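In structure tokens, the next block holds one chain alone, the form predicted alone.
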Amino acid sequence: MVNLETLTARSLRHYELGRLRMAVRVAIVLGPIVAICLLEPVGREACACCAGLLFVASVWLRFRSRGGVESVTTGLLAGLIPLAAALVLTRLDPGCAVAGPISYCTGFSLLIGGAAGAVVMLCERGRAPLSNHWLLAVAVALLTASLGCIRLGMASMAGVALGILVGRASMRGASVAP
């Protein structure tokens, strides 16, 4: 006869292992993104650090709940916009890394961050209005964007962060209007 406590413990262990496998699958998406960022000659150490934080945060959020899976998906999608733009801007104008807070590079980062914030709002619009999952999506988007923006300096990172928040807020106002 099978001991029910042993069977329950074994089934719970397999359930948790399945959740962990599902959560770690985000590495399939993050691997190529991180590889592209690590191929850039400038800022590899900072990129590797941000990639590690992004991987740990993504796995933890995806393991935690279904809402975390959706937040990570939304954040990765939104963060790819400033990531790609920052990689292109790094190639076109390497001087953006030393540009001050009042420069076209920071303005461009603010604009691209606004587009990422709009993506977060559009993806999150079907959720409950009092849900705080958008904060998690914004955090993942910022970590994803930082893979490319960190080599442009703190002014660009701040511009992207502010742009994401402003873009999300402006789209929220647009979606509420009749």
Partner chain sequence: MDPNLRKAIQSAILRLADGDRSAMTPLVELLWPVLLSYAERGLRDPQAAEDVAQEVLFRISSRISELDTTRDPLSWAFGIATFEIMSQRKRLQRRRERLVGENMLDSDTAASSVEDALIEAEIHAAFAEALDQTSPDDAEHLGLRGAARGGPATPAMRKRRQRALDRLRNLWRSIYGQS
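Quantities reported herein were computed from a predicted structural model and do not represent experimental measurements. Rigid core: the largest C-alpha set superposing within 1.5 Å between the two forms. Numbering follows the first chain given and starts at 1.
Although it is not shown, the form predicted in complex with the partner chain is what the next lines describe.
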Can you tell me which of 56 to 64, 110 to 118, 136 to 144, 149 to 157 lies within 4.5 Å of the partner chain in the model of the complex, counting heavy atoms only? 56 to 64
Does Met22 reach the partner chain in the model of the complex, with heavy atoms at most 4.5 Å apart? yes
For a quick check, can you give me the residues of 7 to 23 that have a heavy atom within 4.5 Å of the partner chain in the model of the complex? Leu7, Thr8, Arg10, Ser11, Leu12, His14, Tyr15, Glu16, Gly18, Arg19, Arg21, Met22
Comparing between the shown form and the other one on the rigid core: C-alpha of Leu17 shifted by 2 Å or more? no
